[in-house]
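Form predicted on its own, single chain, as structure tokens, below.
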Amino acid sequence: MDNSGVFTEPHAHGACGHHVLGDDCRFCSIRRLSVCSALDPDELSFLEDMSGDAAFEEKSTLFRQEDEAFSVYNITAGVVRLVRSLSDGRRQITGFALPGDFLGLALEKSWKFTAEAVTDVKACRFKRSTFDDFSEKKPHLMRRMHEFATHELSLAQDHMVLLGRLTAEEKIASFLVTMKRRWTRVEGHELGLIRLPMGRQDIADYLGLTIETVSRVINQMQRDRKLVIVPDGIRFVDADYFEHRALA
């Protein structure tokens, strides 16, 4: 973590680098996590012909709130910040997309949030109309997309509880436990390191806290030997402490 409170992401070991632009979709290691896992090899080949590889540099924008949703995105590498701009100029971070996440499941004609690259990001990009036509002919793909949409709804409901009912300590514990579970799912095995490439301001805007509160609570957790802050994120020292305080 640097002095600005940003948990920097490692580059040497290729964290999140699950898909190289131009790779055959059959060999994409995040396919098991994504909507395209529902497709057989022939269907996958057809889907690959429909897709275009997209790469976004750190701090760049994939699309903006209220832009027309011409495309949909399957994130294959990196972390994306999802931001909702409020009428008074404030922002609310509604989530973070990781490899395997799909942006564009909702049927609205325009984006309801802005997507910003926290790290360098790679994605498979599909023309919205072409992807919709393809998916309508594939009931098994539609079922998989419905599962994703249901999961997103569950996350949104959890986020509402997190914002409104939990203490600052419980909010931060819930966030860290959730990120640990999500990275474990991406990597396919239990992780000791919880990568947090987003800054503390991002965490604060996601949890509905001030950056001062986030810093105070995390630093206190480290003083109490509940976690240790490392250059690429954090490591749990007392995992039971977090599981008992996190939103179930």
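We number the residues from 1 along the sequence you see. These figures come from a predicted structure and were not determined experimentally.
If you look for the form predicted together with a further copy of the same chain, you will not find it shown, but the lines that follow are about it.
message: Within 4.5 Å of a further copy of the same chain in the predicted bound form - does that hold for a heavy atom of every one of Met145, His159 and Gly208?
response: Spot residues vs a further copy of the same chain: full contact, yes.
task: Spot the stretch among 175 to 183, 33 to 41, 49 to 57, 208 to 216 with residues whose non-hydrogen atoms come within 4.5 Å of a further copy of the same chain in the predicted bound form.
output: Result for this chain: 208 to 216.
- prompt: Using 4.5 Å between non-hydrogen atoms, is Lys109 touching a further copy of the same chain in the predicted bound form?
  reply: So Lys109 does not count as contacting a further copy of the same chain.
field: Proximity of Ser129 to a further copy of the same chain in the predicted bound form, heavy atoms at 4.5 Å
entry: It does not: once a further copy of the same chain is placed as it appears in the predicted bound form, Ser129 has no heavy atom within 4.5 Å of it.
task: Look up in the predicted bound form whether Leu98 has a non-hydrogen atom within 4.5 angstroms of a further copy of the same chain, and give yes or no.
output: Judged by the heavy-atom cut-off of 4.5 Å, Leu98 is well away from a further copy of the same chain in the predicted bound form.
query: How about Glu170: is it within 4.5 Å of a further copy of the same chain in the predicted bound form, going by heavy atoms?
result: Yes, Glu170 sits close enough to a further copy of the same chain in the predicted bound form that at least one of its heavy atoms falls within 4.5 Å.
message: Given a 4.5 Å distance limit between heavy atoms, list every residue of 69 to 103 close to a further copy of the same chain in the predicted bound form, or none if there are none.
response: Counting only heavy atoms within 4.5 Å of a further copy of the same chain in the predicted bound form, the contacting residues of 69 to 103 are Arg84, Leu86, Arg90, Arg91, Gln92, Thr94.
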